[in-house]
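Quick heads-up: it's one chain on its own, the form predicted on its own, in structure tokens.
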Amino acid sequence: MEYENKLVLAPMVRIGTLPFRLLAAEYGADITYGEEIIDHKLVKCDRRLNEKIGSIDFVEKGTGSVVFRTCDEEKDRVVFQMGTSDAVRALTAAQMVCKDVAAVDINMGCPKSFSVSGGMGAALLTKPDLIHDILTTLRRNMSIPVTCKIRLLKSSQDTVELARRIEKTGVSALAVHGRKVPDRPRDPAKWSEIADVVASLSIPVIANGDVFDYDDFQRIKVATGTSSVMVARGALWNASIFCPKGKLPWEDVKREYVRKSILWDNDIKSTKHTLKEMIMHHSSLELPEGKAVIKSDSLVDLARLYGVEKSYDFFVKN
């Protein structure tokens, strides 16, 4: 896994599943992060080969639910992002997936309560000793790259000091979201503070925040001095943002996402959630399409809605 001059799909909870990662890669993403998976959840899983669809599934014991699904096609570019607050448990979880992914990333930026309340995500930003323990434990025992993703701290100096400490653990790269924990998505990303981190480190820094069009990739590169860029909402709203020739019509992108969700037997709730997020940006859930998605009970309902019945027929026959 190389981290220089890459376009990266950011980790997004309930969105960064296998179909969406493959969709982004098809349009030009070099590296694709999976949604954050909590270590507690993964260690309760069994690894299984799904011969019907050709995937590798990590299935929760007892419930039978698929916690993480990947495939050989993305093995060289998919990053498994983990939520953790314990070095030993993180290593146990990472060792379960290490042969099926390109790298492991530790989430140190999620500000949502489900993550922070467990001492994970952004809660780690105030615990540099624990950060060092987790990252060094993984680095010493893993043969694949280990990285992490952080948010900005209260001051640029604080962020730089933490980033330097992270670099000393031996991680292969550091992703920096240009917002602080209290910031909301509507608040502008602070590219200048990402630039301070880039100037202070020798490892690749992946800049993240306010990338909504292909031209923004170059803009944030110039503003921060980094060569690699990560995009979240811009990719959610239209995954073809990675296309150098410009974005495709979002109707076509939605249809291809549904087709891939069917072929990879994606969870219906996850598929609907992603579609609703797309629709809310471009249109409204109160219009016929949005209402139809909400009412859909299965992938076959979505296949009919988006005119990809042939994909469902192929899935059933095989």
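Each residue number is its position in the shown sequence, starting from 1. Just so it is clear, the model here is predicted, and its values are computed rather than measured.
The same protein has a further form, the form predicted in complex with a small molecule, not shown here; the description that follows concerns it.
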property: Contact residue in the predicted bound form, from Leu302, Leu18, Ala10, Ala24 (heavy atom within 4.5 Å of the small molecule); result: Ala10
property: The unique member of Val146, Val79, Val231, Val205 whose heavy atoms fall within 4.5 Å of the small molecule in the predicted bound form; result: Val231
property: 4.5 Å heavy atom contact, Asn107 and the small molecule in the predicted bound form; result: yes
property: Non-hydrogen atom contact Lys247 with the small molecule in the predicted bound form at 4.5 angstroms; result: no
property: 4.5 Å heavy atom contact, Lys190 to the small molecule in the predicted bound form; result: no
property: Any non-hydrogen atom of Asp57 within 4.5 angstroms of the small molecule in the predicted bound form; result: no
property: Residue stretch of 129-137, 154-162, 175-183, 193-201 approaching the small molecule in the predicted bound form, non-hydrogen atom distance within 4.5 Å; result: 175-183
